[in-house]
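Have a look below at one chain only, the form predicted on its own, in structure tokens format.
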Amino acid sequence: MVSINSIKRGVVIDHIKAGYGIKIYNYLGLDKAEFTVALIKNAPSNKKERKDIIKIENAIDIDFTVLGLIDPNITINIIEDEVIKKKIKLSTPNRVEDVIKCKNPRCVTSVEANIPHVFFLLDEEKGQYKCQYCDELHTFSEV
């Protein structure tokens, strides 16, 4: 039996799709953290069969847009004095900027420097986005 204590102050990222916890861990750069971090993989879940959980014993800035892109079903709990002070439910973002890169070599973002890569959600179920400038379709799979 694995036992991980509650945290006093920090963030718990819960209901992560099993196997996606490491993506979020790497995206947040938690491998370089000098504070306590726990990545729990394949934890039993009532809603899903399995889930991943990340517990961070520190207040950190998190880009909720990117986390919603990785897994829109994530719940973020802000912990203070070992109590949940705020619960944030994520969703698939309608617009993302400089997260996905347009792969069309003729797109203005591929030719001109300093133009942001802006994509708009086209199909939420498929995770499909469309480039603002050239309408190139991109299905999100990696950050």
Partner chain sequence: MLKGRHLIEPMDFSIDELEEIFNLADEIIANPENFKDICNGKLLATLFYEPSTRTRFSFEAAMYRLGGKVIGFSEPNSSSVAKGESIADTIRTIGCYADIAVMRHPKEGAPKVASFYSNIPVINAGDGGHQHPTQTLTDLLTIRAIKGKLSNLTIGFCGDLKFGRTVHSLIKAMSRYENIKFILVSPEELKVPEYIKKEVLEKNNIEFEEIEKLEDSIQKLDILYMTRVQKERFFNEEDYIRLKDSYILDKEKMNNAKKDMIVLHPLPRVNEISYEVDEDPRACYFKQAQYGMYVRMALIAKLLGVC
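Residue numbers count along the first chain shown, from 1. None of these values were measured; they are calculated from a predicted model.
There is another form of the same protein, the form predicted together with the partner chain; it is not shown, and what comes next is about it.
Asks: Mark residue 115 yes when one of its heavy atoms lies within 4.5 Å of a heavy atom of the partner chain in the predicted bound form, and no otherwise.
Replies: Taking the distances in the predicted bound form, the answer for residue 115 is yes, it comes within 4.5 Å of the partner chain.
Asks: Indicate whether the partner chain has at least one heavy atom within 4.5 Å of a heavy atom of residue 107 in the predicted bound form.
Replies: Residue-level check for residue 107: yes, a contact with the partner chain.
Asks: Given that the partner chain is not shown alongside this chain, does residue 25 nevertheless sit within 4.5 Å of it in the predicted bound form, heavy atom to heavy atom?
Replies: Close contact is absent here: in the predicted bound form, residue 25 is far from the partner chain, nothing within 4.5 Å, heavy atoms only.
Asks: Just checking whether residue 124 would be counted as a contact of the partner chain in the predicted bound form - the rule being heavy atoms within 4.5 angstroms.
Replies: Heavy-atom contact with the partner chain at 4.5 Å: absent for residue 124.
Asks: Exactly one stretch in 107-115, 83-91, 60-68, 31-39 has heavy atoms within 4.5 Å of the partner chain in the predicted bound form; which is it?
Replies: The contacting stretch here is 107-115.
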